[in-house]
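This text opens with one protein chain seen in two forms, each one given by itself as structure tokens under the names structure 1 and structure 2.
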Structure 1
Amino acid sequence: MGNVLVVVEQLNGKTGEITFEMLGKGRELASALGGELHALVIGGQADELGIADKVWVMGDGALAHYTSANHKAALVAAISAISPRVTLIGNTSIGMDLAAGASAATGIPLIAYCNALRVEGGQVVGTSQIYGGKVLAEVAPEDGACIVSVLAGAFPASAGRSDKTPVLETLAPPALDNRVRFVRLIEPEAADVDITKAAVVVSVGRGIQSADNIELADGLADALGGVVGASRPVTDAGWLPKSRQVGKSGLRVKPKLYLALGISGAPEHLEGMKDSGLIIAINQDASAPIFDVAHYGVVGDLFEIVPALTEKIKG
């Protein structure tokens, strides 16, 4: 069968945007393979999934919150029962763990960090971003069935939304492992600045070199009436708080203007800002992946360019 299964990702009862991105692409793949589009809800709600031909619900209180062993066992049981040709999982912090575990348990090959999918001659072909997005590798599983972890933002979410009512089917959960239990979700503290609401974001990466140099970005952001964001290495170093981090493990922003200063453009960062209205990148490496998404780019020294740009704007 050419059925496509989308694993629904939810947090606090809300379906993640990545789910709708996968549903839209899943519908396209299912049509090309002559199959149906199915969705799998593990311990959550089946709302907003009307584009799917069928929604499989595995309801169990112990599955309401993610734990690695139990959700992997649930997914393996679902794949065994449904036998999809393609299983789509978001390449998120949860999905990376789930996809790899399910692949190892079932022996079904995994296409990870995938940003493009197509059907060619009846075969599924995926494109993976590797080495921080600097290399694109095309993969075609030999045995047909595959698991794919999809990068957020790779496909439009609008294609996966529908107000239709899907057919619901119930799946019995497998025996669960209670050695690891979900206790509570710790929400981050309120931030000094909400970068998700800013019209202009000036983000800094490793190229800023030290915390002392962030004042260059502050000056440019002030001149533009914006705020300062950062890539993960900057927040991991403690130069800026986590509330300023843009990317998969940080925040997704869609400002009118996004300036990337000294940011190479790893897939994890691109996921958080690629939908910005206008992207301008400054980097010394002409082959940096950030230039693949930037509308305008400058190959040069940010320590020379940023002060000159700031003064020009002030004037």
Structure 2
Amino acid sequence: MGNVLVVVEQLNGKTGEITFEMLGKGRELASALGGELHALVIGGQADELGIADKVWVMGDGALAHYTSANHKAALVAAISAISPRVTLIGNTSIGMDLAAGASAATGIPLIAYCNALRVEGGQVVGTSQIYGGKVLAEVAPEDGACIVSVLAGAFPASAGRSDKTPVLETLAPPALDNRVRFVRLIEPEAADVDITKAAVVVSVGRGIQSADNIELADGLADALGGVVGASRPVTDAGWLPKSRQVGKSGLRVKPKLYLALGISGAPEHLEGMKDSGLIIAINQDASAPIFDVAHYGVVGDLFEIVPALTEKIKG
């Protein structure tokens, strides 16, 4: 059977965007494989999953919080009961752990860091974004099943939403292993703005030199109706909160316009923004790798260019 199983990721009872991205892509893969789209909820709730043909619900409050051993055992049991051709898991901090563990336990090959997926000649073909985004590897597991960990932002979430009511089925949970127990969730500091939702992101890098100079980027972002993002050195220095960080250990953004001011373009940064609609970079080093992904670039001093650009836009 060519069924596709999406492992639902929920935090505090809320289904993450990555789940809808996978459901939309999963629907397309299931049609191409001649199978059904199934969703698996481990210890959570099955609302909002109407696009799936069937939702499998396993466990109750005891599995509500993620622990590696219990959720891996739950997923392995579900895969054995459902036998999906493709299992999609978000490449999140939870999903990276879960996907690798389930792959090792079942022997089913894993396509990790996947940012593109298609069916070609009946075979699943995935693109793995490896070495921090420097290398894209196209891989096709042999005819059998595969597990795929999907990068957030790779597919549109809108394709995974539906008001329909799916068929619900219950799966028996595995015996629990309580050697590692969930104690409490430490919430990140509340973000003042959500950079993942902005149409325009003006990001600053180490080239901005100090916290005081960030007002230059604020001015440009205001003029463009956007928000200010940052590379990691800027948030590490405390010049902007962590919630503004773009990249591998920050957030992945896909705005219509991304302006990179004084950012070199390290792979870890590119991973978070290279799919933006239009990328414009300002950097005084003509050989900075940011220019490899930028659609437009200005080689020059941001302290001269940004104020002039802001004035021009305001005018």
Ligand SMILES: Cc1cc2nc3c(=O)[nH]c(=O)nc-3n(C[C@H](O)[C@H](O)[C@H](O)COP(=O)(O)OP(=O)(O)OC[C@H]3O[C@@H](n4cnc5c(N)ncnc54)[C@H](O)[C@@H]3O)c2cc1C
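As the structure is a computational prediction, the values presented were derived from the model and not from experiment. Just so we're on the same page, rigid core means the largest C-alpha set that superposes within 1.5 Å between forms. Throughout, residue numbering runs from 1 along the sequence of structure 1.
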property	result
Of the two forms shown alone, the one predicted on its own	1
Val124 C-alpha moves between the two structures by 2 Å or more, core aligned	no
Shift of His71 between the two structures at or above 2 Å (CA, core fit)	no
Shift of Arg232 between the two structures at or above 2 Å (CA, core fit)	yes
Core-aligned CA shift between the two structures for Ser249 (Å)	4.7
Per-residue C-alpha deviation between the two structures [Ala260; rigid core superposition; Å]	2.9
